[in-house]
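Presented as structure tokens, the chain that follows is alone, the form predicted on its own.
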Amino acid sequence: MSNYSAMQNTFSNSFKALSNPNRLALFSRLMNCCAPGTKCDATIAVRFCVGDLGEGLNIAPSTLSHHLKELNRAGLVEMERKGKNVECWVEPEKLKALSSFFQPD
């Protein structure tokens, strides 16, 4: 498979995962590290505990876990267990890669 085909496949999997409104809402919350009107350092990935991430989104906990697993499988969200909690975050490099689709060379 050529590099171009591999990138197209990666983008396709990413956009397929983001086509679900709940997953898009979760991803949006994860990639927005600061409150509107404030400045943050994009090199530091902001981490959310799964329970905190779902607050206000009206998504059942079991459904929330499913959506996060799908985002993780697509390579959009990183997850790490810390004791009883699971932390989720988006690596800034993932956002750069996605933005490259909309800003071709």
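One-based numbering along the sequence shown. What you see is a predicted model, and the numbers here were worked out from it, not measured in a lab.
There is another form of this protein, the form predicted in complex with the DNA, and it is not shown here; the text below is about that form.
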Answer with yes or no whether Leu95 is in contact with the DNA in the predicted bound form, where contact means some heavy atom within 4.5 Å.
-> no
Should Ala25 be counted as a contact of the DNA in the predicted bound form, where contact means heavy atoms within 4.5 Å?
-> no
Heavy atom to heavy atom, is Thr63 within 4.5 Å of the DNA in the predicted bound form?
-> yes
May I ask you to check whether Ser12 falls inside a 4.5 Å heavy atom distance of the DNA in the predicted bound form?
-> no
Since the partner is left out here, which residues of 66-85 would have a heavy atom within 4.5 Å of the DNA in the predicted bound form?
-> His66, His67, Lys69, Met79, Arg81, Gly83, Lys84, Asn85
